[in-house]
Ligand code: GLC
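Okay, here we've got a single chain as structure tokens, the form predicted on its own, with questions on binding and movement later.
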């Protein structure tokens, strides 16, 4: 295979690799100095909170510094009360010790959860780098944990046979700007570092990450400095030539990308998209650890499983975020959700991994239970988001060939079925005893 050259037309020849399309579940990690205060109001999910209220009441704990700069915000009031009004955010850097962190323990948990790739934040909007970058002393080897956090995690991830990606905040670095972001227009046009100097800095750091850690995914956030956007074709070509099986996301402000990245309810696709996509979200309302989040704000195990099924049935991947505490431990409620998801995938992963979407997005049973579909030739999987309450179940608007074999995946039992007009009735010998979902595997004879 010939190498990619730094032109947009050459980069378009790059296809989404099978491993990424088949993976279905990745782990996102937001961990940094913001994990020390670990505080934000529990306002709600992105996409459900009115834009005019979002930034002042931002539930993202990793946005602590920006929220602190808004002098009337709940975060500012909390900060003044707890730390004092003259306590500078960047003092948290040296308070962050990661003293209980064990990267192998993290990766063992992620693998048990069923994840196939891991993407940590290497530099978030506060500008602190989690690796020993030669382009700044403001990094985790010199201050705070005094460890190469990205290097240690990359090794642990690859040792377990998982894919590794790097998140980088390309368009924002709050050390270069002082005004708070209060509107979405501020992010796009105003409160960004716009110099050639910063553009080169971000480019060099991404190149450094590629060389040092050989990632499989480049996950940029917020956008890219306008003065450096044409340079990105050189970065992408370099990355693809190093790793032809690598992928880049869509948050670069340029035309080239391998997959799109809706966040919570923002830009969530309708129907089944024609492109590859990946939903990113936290287990709660925040990405960074927020001590205010309780079981009430965190997705229940059932809702988490339903979300994964929905995303996969629409051809997407779920990039599920973990927000560790400052000491490097993962909050128990997050661990519990991950392990429950992993146990479900151990039993039902056949209907998730290596599948594609079908020609129908969803249907429902006559008693109102939602049904999602995935496909792995030659089999079709009907995933009921719930457990049948009766021994007879009718799937609406779904005609199953009378010769097809319908198997209850949890037991391997063959079920009788009959077509009734445009619907299909399924007969169970006994009521299924399953957690959260019932999956029917439909196979041709």
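Remember, predicted model here, so these are calculated numbers, not experimental data. Numbering follows the first chain given and starts at 1.
Not pictured, yet referred to below: the form predicted together with ligand GLC.
Colleague: May I ask whether 124, 167 and 287 all come within 4.5 angstroms of ligand GLC in the predicted complex, judged by heavy atoms?
Modeller: Yes.
Colleague: Given a 4.5 Å cut-off on heavy atoms, tell me which of 376-384, 22-30, 66-74, 391-399 is the interface stretch with ligand GLC in the predicted complex.
Modeller: Careful reading of the contacts points to 22-30.
Colleague: I need to confirm a contact call. Of 216, 263, 173, 250, which residue comes within 4.5 Å of ligand GLC in the predicted complex, counting heavy atoms only?
Modeller: Exactly one listed residue reaches within 4.5 Å, namely 263.
Colleague: Can you work out which of 210, 307, 80, 222 has a heavy atom no more than 4.5 Å from ligand GLC in the predicted complex?
Modeller: The option sitting close enough to the partner is 222.
Colleague: Does the 4.5 Å heavy atom contact test between residue 162 and ligand GLC in the predicted complex come out positive?
Modeller: Flag for residue 162 set to no.
Colleague: With heavy atoms only and a cut-off of 4.5 Å, decide whether residue 39 touches ligand GLC in the predicted complex.
Modeller: Residue 39 lies outside the contact set for ligand GLC.
Colleague: Would residue 371 show up as a contact with ligand GLC in the predicted complex if we use heavy atoms at 4.5 Å?
Modeller: No, no contact at 4.5 Å.
Colleague: At 4.5 Å between heavy atoms, is residue 280 in contact with ligand GLC in the predicted complex?
Modeller: Yes, residue 280 sits close enough to ligand GLC in the predicted complex that at least one of its heavy atoms falls within 4.5 Å.
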